[in-house]
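Next comes just one chain, in C-alpha cells: the form predicted alone.
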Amino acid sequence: MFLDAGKYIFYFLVFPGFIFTLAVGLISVWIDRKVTARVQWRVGPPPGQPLYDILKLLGKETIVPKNSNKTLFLSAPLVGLGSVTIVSVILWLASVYKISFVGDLFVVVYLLMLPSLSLMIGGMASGNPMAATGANREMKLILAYELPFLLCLAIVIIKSGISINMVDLAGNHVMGSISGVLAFLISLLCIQAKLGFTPFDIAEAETEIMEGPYIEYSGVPLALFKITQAMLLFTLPVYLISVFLGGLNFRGLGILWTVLKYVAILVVIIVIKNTNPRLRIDQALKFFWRFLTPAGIVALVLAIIGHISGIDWL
C-alpha cells in the first residue's frame, strides 16, 4: 500500500509530473523567446533565462490588494498548477506505461480548462478593474474555443471506435482521414487560444489593459502562473500527439520521431504567434464560431459517415 502511494507521489512530483514537465516547459519557453527574438532581429535570452525569471519572482514580496478576496486571489494560481500537473501525468502514463482508466480523456479535457478558469478567478478576485476586464475577456474566449475543441474530441472518439480511454487513443492514427486532419488543425488553433498566445492574447493585452488578470499579482503567486504557462507549453502539444499523432514512443527510432512531432507542433505555435496581430475579442468570437465551429461540424459529419459506412479516409 505504502509502495503504491510512493509510486504515485513520484509520478506526480518527479516524472512525468511537476519537475519533468516544468523542466521541459522552461526549455520550450526559451525556444519560444529565442525564435521570437531572431524573427525580430534580436539576440534573445540565454538558455537559463526562463528559470532565472521564475527564481527571481519566487524571491519577491507577495502583495495582496486591499480590496481583493484574499483566499481566491492566492489559491487561484494553485488550481491551474495542480491541473496541468495531473494532465501531464495522465498523458504520459497512458502513452509510455499504458496505465489509464475509463473516461480519462474527459478528465484531461476538463482539467485543461482549469488553468484558464484559475486565471479568470484570480483576475476577478483581485478587485482591479483592469484585471476584471481581462478576466471577462478570458471568459468569452473560453466560450469561443471550447465548442470547436469539444467537436474535435468527438471526432477522435468516433475514429477510435467509440473509445474514451487514453491508451486506446494513443495507438490510434486519426490523421489518416479527412475529418482527422481537420480536427487536428482546429485543435491546434484552439490550443493557441488556451495558451493565450497571439493572436488570442486578448485577456492579457499588455498595451491595452497592462496584462489584465496578472496586473495585481507579484512574487510567488505570479511565479506559479508563469510556471503553469510554461508547463502548458509542453503539455498541450503532448496532448495533440497523444490524441492525433499516435502517442509517445520511446523505443528505438520512436524517440526521435516523438521529439520531431513535439518540435514541429511547437514551431507552428511560435510561427502563428509571431506572424499575426492580436485580435479583438469580437473578432476572436467570430473566428471560432463562424469558421472553426462549422468546420468542426463538417468534420464530425464526415467522421460519422466514415464510421457507419466503413470508409476510413473520411
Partner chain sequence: MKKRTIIPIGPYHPLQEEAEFFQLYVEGEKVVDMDVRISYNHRGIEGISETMHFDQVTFLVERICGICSASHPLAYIQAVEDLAGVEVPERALYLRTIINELERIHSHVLWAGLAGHFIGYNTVWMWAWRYREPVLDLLEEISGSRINYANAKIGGCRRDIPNELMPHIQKVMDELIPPMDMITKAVLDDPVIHARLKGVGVLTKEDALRYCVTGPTARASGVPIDVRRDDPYAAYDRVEWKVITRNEGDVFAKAVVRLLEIFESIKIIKECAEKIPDGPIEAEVREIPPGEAVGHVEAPRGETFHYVRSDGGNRPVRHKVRSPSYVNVPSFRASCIGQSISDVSITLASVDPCYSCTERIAVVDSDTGERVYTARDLIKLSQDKTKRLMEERGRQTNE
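In this text, all values refer to a predicted model and were calculated from it rather than measured experimentally. Numbering follows the first chain given and starts at 1.
This next part talks about the form predicted together with the partner chain, which is not shown.
- Residues placing heavy atoms within 4.5 Å of the partner chain in the predicted bound form fall in a single listed stretch, namely 35-43, out of 243-251, 66-74, 257-265, 35-43.
- Among the residues L279, L57, I27, L285, the one placing a heavy atom within 4.5 Å of the partner chain in the predicted bound form is L279.
- Residue M210 is the only one of V181, M210, M113, L78 with a heavy atom lying within 4.5 Å of the partner chain in the predicted bound form.
- Taking the partner from the other structure, the partner chain in the predicted bound form has a heavy atom within 4.5 Å of a heavy atom of P129.
- Shown alone here, N274 lies within 4.5 Å of the partner chain in the predicted bound form, counting heavy atoms only.
- When the partner chain is considered in the predicted bound form, Q229 lies well away from it, no heavy atom lying within 4.5 Å.
- Although the partner is absent from this view, S177 stays clear of the partner chain in the predicted bound form, with no non-hydrogen atom inside 4.5 angstroms.
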